[in-house]
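Below you'll find only one chain, the form predicted alone, shown as structure tokens.
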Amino acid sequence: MAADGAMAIGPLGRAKTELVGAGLTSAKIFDIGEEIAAGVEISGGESAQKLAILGSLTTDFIARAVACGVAQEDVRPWIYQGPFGGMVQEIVDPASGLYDFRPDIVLLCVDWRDLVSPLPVDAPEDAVHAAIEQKVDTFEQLWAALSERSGARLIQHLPPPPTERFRGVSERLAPASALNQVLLANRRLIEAGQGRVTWIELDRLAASLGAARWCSPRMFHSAKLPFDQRFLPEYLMAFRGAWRAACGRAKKVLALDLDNTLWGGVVGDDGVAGLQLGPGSAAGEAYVEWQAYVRGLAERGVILSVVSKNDPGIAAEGLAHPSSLFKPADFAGFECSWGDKAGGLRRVAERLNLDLASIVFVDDNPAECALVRAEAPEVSVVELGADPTQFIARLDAGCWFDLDRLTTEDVGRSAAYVARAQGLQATDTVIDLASHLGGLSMVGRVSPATQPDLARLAQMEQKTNQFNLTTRRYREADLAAFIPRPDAVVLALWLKDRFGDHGLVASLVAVESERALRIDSWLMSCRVFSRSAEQLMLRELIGIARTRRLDRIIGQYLPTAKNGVVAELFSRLGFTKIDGSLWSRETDAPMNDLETHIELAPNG
């Protein structure tokens, strides 16, 4: 593609090719980011995004990292920096340059000094809480003003506390100490910002790198820097994690090599008994700890897959090791062959009905990592190296799977995809689709969404690309506003089958308009495509429209690069095209063509 070719020789392309692995240096980030932030190559790309950066301290070098980070995500950034120290003024002034810029994302670079009140060291706990609540209330007002005037997504720093010890452990017991004020403020900000703000955990980043090294007094007093510029590579990864969470692009799949990745040694050569895994050696213990971390990701909704050059039977023997925490059935994809791993990753993506861009691939072999980067550039690659004690840190540093918060569906996602894989295997034993769907023993519940459902619905709005008719991207506050409206409908679908419970997997927002019920947003998780769930939801919607004595259901399909799978949805569901992107179905038409293989739950 021409745009990609152009990108490969300029700063946007360099951000993707040079800032990888050992190439991710502060000097390169600053140089490449400065070119991007200056506005080079901001036209002609597939997608672009406006990012505003506001802060109480110097943000010039942060802007460079932000520019590089967004470019690495295949988006062309336009950067606006607010005046030094002018964060509040820019937000409260409706005529500020911020609002003239019309940002898509606003990054708030907050320092611990913004959170601490000058209280006496012996101030009581209730006074400290009152002071913190005032700080939180101020930020809530700023967030509300930004949302109302710009509609931008918000990302904000969680700053680390100061490092001064004063009189040692007594600081931990004094509610008014700066340490405790910052810890309390960060927790309250996270609670208050749910559904509105995505966070960059600078407090945890500073703790892992060394709080005293993170920002020395010399750095602050000489240039008002929020942290040492040598840590730009680590900041860049943290920013990208928050950016992906804010934009609904968190990675979904962890694809793993086996030999010298899940265990030490080569199972085909060393045999199961010769593998390093479990007690008896430092390396064996490190591999078990690494497996426990990977399992922890799966428990939090990350989908696991194997992509290995191996004989499938021999690979399964390795997973049968007595210290292995995994069995073959724990993986939603199991690609073991002697073909190239880029091809294996494509097959995994196809099998899971996900984009390659949703996959993070980890391998100890630098040659295999280089091949995947070259042949499947959409995939994010983490080279683990040879030391298993560093595997967790190397993967964790990428912030690949960061979310604003976990939902029930997140926790169950990995198991749901394993169940989906088992369901797909079952298709080999049936004659036709109807027999297959009938054999899944599906039970569904369609009902109006309620407040507890909003976090999951908003999460789906931000990240669902394929089965998404209009891609309007409603946020939690937007959905909350629809629910009480008498002219609106917000439906949610829960689904389970004989292989597992998939949880909340689809949503539909519709609004009354001229004796019709107009579908404003309709989306569905890819793991339940083609299961007749769309017929079930439409039957429910038609029933609501009939109750309200409305004549028609109006649907709209707005094509994107990724939602071609639903291009013919309305045609399949008995709608007639009426104008451009609009489709119509009469509510009094028979529903014989909306056969579903999903049994309604008793309260559905």
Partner chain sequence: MLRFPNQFQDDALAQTLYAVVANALNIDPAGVNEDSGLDATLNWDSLRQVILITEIERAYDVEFDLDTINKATSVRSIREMLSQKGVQAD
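Numbering follows the first chain given and starts at 1. Since we're looking at a predicted model, the values are computed, not measured.
From this point on, the text means the form predicted in complex with its partner chain, which you will not see here.
Interface residue remark: R64 is counted as part of the site for its partner chain in the model of the complex, having a heavy atom within 4.5 Å.
Although the partner is absent here, S222 sits close enough that one of its heavy atoms falls within 4.5 Å of its partner chain in the model of the complex. The shortest heavy atom separation between D31 and its partner chain in the model of the complex is within 4.5 Å. Taking the partner from elsewhere, T17 is found to have every heavy atom lying beyond 4.5 Å of its partner chain in the model of the complex. Put simply, of Q72, T470, Q276, Q229 only one has a heavy atom within 4.5 Å of its partner chain in the model of the complex, and it is Q229. When you look in the model of the complex, the only residue of G85, G385, G210, G339 with a non-hydrogen atom within 4.5 Å of its partner chain is G210. For a residue to qualify, one of its non-hydrogen atoms must sit within 4.5 Å of its partner chain in the model of the complex; all three of A27, R218 and M237 qualify. The candidate stretches are 546-554, 531-539, 575-583, 54-62, and the one lying within 4.5 Å of its partner chain in the model of the complex by heavy atoms is 54-62.
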